[in-house]
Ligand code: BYC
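Only one chain is given next, in structure tokens, and it is the form predicted alone.
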């Protein structure tokens, strides 16, 4: 088949909702787009452990400590099997991790903001994981099979994370005046960065159209952002709190909430590595990578000895 015929056959499979699998022919641009997206998702899960891990030892109760520890462990698992999904496209895990540690690879800008109080753990669970779920539910139907299947499990666990975050804020919202103020402060600080998680507006996104055509994505950045605003604007009422947007109001004609303009200068500044915690996050990742070198070396040595032992046993059996 010619390349043109292969591309036509590939698109017919996409249009028919047939999943693309690792051994299937695919355009190189499709492969690269998926590697970029899946690796960025994996990086975000790994870096996302840092702002929450900072509060494990300072959780206000054993119950909260256990919940947060379980959540951070979940995120580590998400990162590992997302790296595995990217490997099915020919990406080397070592290269992906090196790109993350060097600052070459991107991850979600949300994780470059500091966690200042315990209430931030609730806000991250409710807002950050809530935004992530909208992306990931869509990605359960993405056209690349291994990525779609990975997101099914991720969504189940992220749904727990969001409910846990909301419950944590709900407890604070019914507490003392100081606890209520802490809850409102966390919402104020995490609201706009959460909206930024959906990426640039559609008019400035260079990948939206092609990703939609290939069904890598099912909705645009702005569509997902609007869905998130509509969801959170109702949920915040249950907390008795407010969102920090004076332009937020229901639009009966559109049947959606109107909301204010994102500070895009801040968004691009964080994406380019100049956010409040960019350097801190990369320093932490490099420190962990360096300190874990002996574990990787030990695993390689063990694998080599196991292979050698298996080969010797096989030779002995063959000789007999």
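Positions refer to the first chain, counted from 1. On a predicted model such as this, the values are computed, not experimentally measured, just so you know.
Keep in mind the form predicted in complex with the ligand is missing from the figure; the text below concerns it.
Trainee: Label the site open or blocked after overlaying the ligand from its pose in the predicted complex onto the shown form by the C-alphas around the site (blocked when 3+ ligand atoms sit within 2.4 Å of backbone or C-beta).
Mentor: Site status open, zero atoms under the 2.4 Å cut.
Trainee: The ligand in the predicted complex: within 4.5 Å of a heavy atom of each of 55, 120 and 273?
Mentor: None of them does, since no heavy atom lies within 4.5 Å of the partner.
Trainee: Quick check for you: of 56-64, 283-291, 251-259, 30-38, which stretch puts a non-hydrogen atom within 4.5 Å of the ligand in the predicted complex?
Mentor: Going through the listed ranges, the match is 30-38.
Trainee: Quick one: does residue 207 come within 4.5 Å of the ligand in the predicted complex, counting heavy atoms only?
Mentor: Judged by the heavy-atom cut-off of 4.5 Å, residue 207 is in contact with the ligand in the predicted complex.
Trainee: Is residue 186 a contact residue for the ligand in the predicted complex, using a 4.5 Å heavy atom cut-off?
Mentor: It does not: once the ligand is placed as it appears in the predicted complex, residue 186 has no heavy atom within 4.5 Å of it.
Trainee: Mark residue 106 yes when one of its heavy atoms lies within 4.5 Å of a heavy atom of the ligand in the predicted complex, and no otherwise.
Mentor: Result yes; residue 106 sits at the interface with the ligand in the predicted complex.
Trainee: Under a 4.5 Å heavy atom criterion, is residue 135 part of the interface with the ligand in the predicted complex?
Mentor: Within the cut-off, so yes.
Trainee: By the heavy atom within 4.5 Å rule, which residue out of 232, 172, 128, 85 makes contact with the ligand in the predicted complex?
Mentor: After the contact test, the surviving option is 128.
Trainee: For a quick check, can you give me the residues of 139-167 that have a heavy atom within 4.5 Å of the ligand in the predicted complex?
Mentor: In sequence order, 139, 147, 158 come within 4.5 Å of the partner.
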